[in-house]
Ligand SMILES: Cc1cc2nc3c(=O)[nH]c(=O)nc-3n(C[C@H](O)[C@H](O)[C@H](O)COP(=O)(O)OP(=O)(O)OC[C@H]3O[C@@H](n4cnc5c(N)ncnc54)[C@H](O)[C@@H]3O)c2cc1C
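Okay, here we've got a single chain as structure tokens, the form predicted alone, with questions on binding and movement later.
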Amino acid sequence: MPRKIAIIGAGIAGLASAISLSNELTPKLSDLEIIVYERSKELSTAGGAISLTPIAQRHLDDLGVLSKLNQMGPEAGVEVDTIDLFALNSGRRLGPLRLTASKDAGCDNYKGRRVKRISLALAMVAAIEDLPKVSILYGKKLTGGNTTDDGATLIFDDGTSASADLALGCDGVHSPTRTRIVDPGNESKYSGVSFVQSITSAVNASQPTRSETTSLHIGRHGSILTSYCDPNREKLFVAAVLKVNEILIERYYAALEGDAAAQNSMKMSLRYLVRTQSNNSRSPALRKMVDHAEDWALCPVYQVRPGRPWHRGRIMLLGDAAHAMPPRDESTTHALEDAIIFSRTLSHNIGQPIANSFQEFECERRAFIDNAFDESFHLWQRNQDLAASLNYLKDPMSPISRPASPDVNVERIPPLSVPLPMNDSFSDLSVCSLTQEYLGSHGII
């Protein structure tokens, strides 16, 4: 049984793994030591606001994180159970998309939540501070390492190294743990879609918003999402979901390494991209929100090839490092589930070779993840094909629905002739692709 565990990456997967492993193993191993190695010198504020499904909220509650998050006042985010849908060009309200978890998911008491990524990270770190077996080291950028059946060695760019009985690669879609140790050469692939996003003051947007919490403005060439991310409704998250050329992405990252002038110039370019979309809208409120947002960031969506190795020797990949999805599924829920299931598997197999836990975990997760990847890929591909073939059609003019699936409950609203959708996935790209799939298949866009 591993007593010294190294976790590479202090993102959601890494922090959740540290908490879950401590909860599961501390009662069984008095000499347990868990160290999280984070490449940044402090917690990253990148990523803007994220969405938590009801299932993700339940997992965070199980980990003891949700109570920490709820104590953060305005930074705790805002609960969301409905996304209001609008046609981008005409401004017509299409109806609500109701968010719900599967009946058997045990999430009846939980809603979705929009929260800033840094707020969730701080809540997870607060939970870790209550765990004496866990520590976090910052400024540890992984550059290489090796692993055998007996342990793992990690090498960092500051010239130091670390050894562990078990190492978990939780370092995201561009994971060096994956590309340099577990599956060399398995680089992430750009999906062709990016978020251009900002968080701005809702006070500056003098026009009233059109939704209690979250609205999505659907267009043929892109969509714009706006959402409050605090209970006092003082902060607005604004994001455009667009096809962005890789050349712009390269220039964006080059600008981040440049001086203030280069960074400001790139922010203005991103702002122009979003304003180009919002200027097509007849909604004064939407245009006002985009106009007042200034600090724009580019967040490309990447994916990892499915069917590749998740482990080697004493190293296991979790979360996006193992299976970043095409633009549909909410990776936060997958990351939390990976952390919890792996920790319980390891605890269940205490005293057994680690290889047994690796195999059992993969048997538990591989088919589910592969199926989720396939569904995401095919849905997104259909969405792209529809967008290419239906550009000539008019703006949406009727309410929307989508066919029922085992995880989707559909209810009929009496004043309307078409049932409105409910969905248990709360990622912004999931909502976009599912909605556009329906609109296109019914000739609405």
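Residues carry their position along the shown sequence, with the first being 1. Worth saying up front: this structure is predicted, and the values here are computed from it rather than measured.
As for the form predicted in complex with the named molecule, it is not shown, yet the points below apply to it.
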Worksheet entry | 4.5 Å heavy atom contact, Ser40 and the named molecule in the model of the complex | yes
Worksheet item: Quick one: is Arg308 in contact with the named molecule in the model of the complex, heavy atoms, 4.5 Å cut-off?
Response: no
Worksheet item: Does Pro300 make contact with the named molecule in the model of the complex, using a 4.5 Å heavy atom cut-off?
Response: yes
Discussion item. In the model of the complex, is there a heavy atom of the named molecule that lies within 4.5 Å of any heavy atom of Thr226, even though the partner is absent here?
Written reply: no
Worksheet item: Taking Ala10, Ile50 and Leu142 as the candidate spot, are all three within 4.5 angstroms of the named molecule in the model of the complex by heavy atoms?
Response: yes
Worksheet, complete the sentence: Partner-free chain; cross-checking the named molecule in the model of the complex, the single residue of Gly222, Gly313, Pro96, Pro176 with a heavy atom within 4.5 Å is Pro176
Discussion item. If the cut-off is 4.5 angstroms on heavy atoms, which of these, Arg365, Lys133, Lys235, Arg117, is the one near the named molecule in the model of the complex?
Written reply: Arg117
Practice prompt. Please name which of the stretches 331-339, 348-356, 146-154, 282-290 has residues with heavy atoms lying within 4.5 Å of the named molecule in the model of the complex.
Written response: 331-339
Fill in: Those residues of 150-179 which, in the model of the complex, come within 4.5 Å of the named molecule by heavy atom
Cys170, Asp171, Gly172, Pro176
